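Presented below, as structure tokens, is a lone chain in the form predicted alone.
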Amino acid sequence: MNDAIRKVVMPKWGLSMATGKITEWIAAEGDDVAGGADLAEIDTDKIAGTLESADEGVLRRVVAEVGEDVPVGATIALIAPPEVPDADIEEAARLARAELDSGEVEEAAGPETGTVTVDGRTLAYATLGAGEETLVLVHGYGGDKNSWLFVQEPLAESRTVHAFDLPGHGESSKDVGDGSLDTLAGAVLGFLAEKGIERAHLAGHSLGGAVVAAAAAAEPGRVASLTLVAPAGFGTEINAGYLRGFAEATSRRELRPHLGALFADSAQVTRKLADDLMKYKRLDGVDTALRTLLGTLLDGDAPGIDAAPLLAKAGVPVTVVWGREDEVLPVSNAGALPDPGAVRVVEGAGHMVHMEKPNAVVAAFE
């Protein structure tokens, strides 16, 4: 194949993703595309996302059609400069289509997974990239490392990026101890120590935002910067009803109405998402963990965390991203940040801004 032709492949967004379905081609054949440009909307087994171009040039050929289930790693389009002969494009497209039709697609490499032990608890993680800088992604209440599925891959192009499960979540031990911010921050710092990471950039969503702030305050020399995504611990507004409803739901029917508070687009609340969360909630120890952590997040119906003093103590560069339509921790809470004017507010996004508008979150790291 002509070396100037670049393949656009179905990405692997998350450990469980085996196929994706193209629901819309945003770019059309003949369009000039830049690096980072939106190419297509893709449905995964978790949620819909937008695929960005990793290359610049002309979208010379669309290989996979709308509605087609495509294996991870398969070629779905071709990008090349205009001077590449049409005959070369046709031959590359023919080979890509034949691979798709045969089903014999080389499996795309996913994250490296593993566990470490910190304070007697097993912590699970997934790692992408091999850059000199290290970034650790910390999810929110009731989430897991897969909540970063749309941002970990692009961030790993120039970094080593670890996403890990906090105690009580994902594949980590379900014991959260007293559930305090200090305990959770200790898990982050213990993860760094076990992985031999001397200094890292930390990013946290929601509860994870307060956790990474506490980790930076405890050991500022270990933290290069903080990126907070809709962080807990700032301002006076919190959706206590959502948090309690999530913790107390015992069926998909009870849980699903509460999940609407997470997204600006209610269509993101799929049956699959609700089913996966209920499977997690039914694991031994999860109910106790979630209820214990409620005691950290809430003081009655008010926030139970004040993270502003932690940022002052940490003294590291801070970037904040918030969804305009966040119904769990409203963007008005940003007024309690040391520099509220520097907050990046993302339109059309709710609390899960890194899933609804991942491009905006990735851009915050540039």
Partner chain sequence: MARTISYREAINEALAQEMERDGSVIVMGEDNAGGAGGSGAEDAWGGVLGVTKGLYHRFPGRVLDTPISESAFVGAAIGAATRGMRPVAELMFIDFMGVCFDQIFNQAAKFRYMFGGKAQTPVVIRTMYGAGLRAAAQHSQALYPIFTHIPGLKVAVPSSPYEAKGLLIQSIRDNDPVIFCEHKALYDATGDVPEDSYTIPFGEANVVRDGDDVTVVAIGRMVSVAEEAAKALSSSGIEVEIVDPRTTSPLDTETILESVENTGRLVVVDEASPRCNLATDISALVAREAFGSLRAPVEMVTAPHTPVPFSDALEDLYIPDAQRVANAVKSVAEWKR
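Positions refer to the first chain, counted from 1. Source: prediction; values computed, not measured.
Omitted here: the form predicted in complex with its partner chain. The next part is about that form.
Look at 258-266, 134-142, 279-287, 85-93: in the predicted complex, residues with non-hydrogen atoms within 4.5 angstroms of its partner chain sit in 279-287. The putative spot formed by Lys174, Ser251 and Arg271 is fully lined by its partner chain in the predicted complex; each residue has a non-hydrogen atom within 4.5 angstroms of it. At the 4.5 Å threshold, heavy atoms of Asp119 stay clear of its partner chain in the predicted complex, well away from it.
In the predicted complex, at least one heavy atom of Asp275 sits within 4.5 Å of its partner chain.
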